[in-house]
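A single chain comes next, written as structure tokens; it is the form predicted on its own.
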């Protein structure tokens, strides 16, 4: 791997970063992975350790109890739920099923959306979130861009890497437009659980009304278990759900991920602690970053911030290199579409770690 590309490695590449920079993986303070700093819920650890012999059995191929737990957690009908080996599997399967000839992706965004559309033989138009609009999705502008040739609309909400969002009312307007153009909508809600509840960001309440809507979530970030590979999709179109279940490998969710899922979604104490920590630190960090003279911070409803460096003589790559010397890993966001060499992203950890990052970042920029 070329040296100039190292700064774009994200928090899931800790082994690579450890090897290249000669830092023990356990000593890296990871602000790039966007994972809940509370770690795996204790309830999940207990459930897994109490059932070590579960590995001798196949999971329930219909995942009935897991889907019921997800339904209870999301407030939706369990029959509208399909589970998969992480949200990435479900993104791939849905795109393969729709096989769009022309898709629109709200961007900057997760690169796998575009990769999967290209692999399915389709073309994608990137619809830009604009800096001058604070990277907030302009739904009127987007609706004008949707035509009867648009097979698929892809939105990450809250968006990664910007942290910006649209609420349920704006999503409804988009869905009504898509109903007229015959456009399917894939809504990635990987980060929605970190948002303030009063913002009403999630589109799951709209699933029953709009059969062309497929909402995808994972557990890697909010429940801090990227290694378990558990994701789920919510859709009211029975044909879509049946087709995805036929396309995916049986038992793609392993038995321990199934046990973990049935446990974590019912862990109200962990969920409330996460919301309290993220909400408190998001407000504190945003206020602090607003006072930085050499940086612009965009308002976020996720567990991370996108910032733009205002200082002329320093780039996000240089900031990355300075911080990694102190074992602090952030994401240089210069490789995202519509961003560039002055954008960086970092997530919310615990109060002590966040303060350390803020102080180190200020030192780099002053």
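Positions refer to the first chain, counted from 1. Since we're looking at a predicted model, the values are computed, not measured.
As for the form predicted together with a small molecule, it is not shown, yet the points below apply to it.
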Thinking of 91, 110 and 156 as the candidate spot, does the small molecule come within 4.5 Å of a heavy atom on all of them in the predicted bound form? yes
As a check of understanding, the residue in 229, 282, 80, 248 with any heavy atom within 4.5 Å of the small molecule in the predicted bound form should be identified as 229
Ok, 252, 220, 278, 236: which has a heavy atom sitting within 4.5 Å of the small molecule in the predicted bound form? 220
Would you classify residue 86 as touching the small molecule in the predicted bound form, given a 4.5 Å non-hydrogen atom cut-off? yes
Residue-level question: is residue 184 within 4.5 Å of the small molecule in the predicted bound form, judged on heavy atoms? no
Under a 4.5 Å heavy atom criterion, is residue 190 part of the interface with the small molecule in the predicted bound form? yes
Mark residue 274 yes when one of its heavy atoms lies within 4.5 Å of a heavy atom of the small molecule in the predicted bound form, and no otherwise. no
Name the stretch: of 130-138, 174-182, 92-100, 190-198, exactly one has residues whose heavy atoms fall within 4.5 Å of the small molecule in the predicted bound form. 190-198
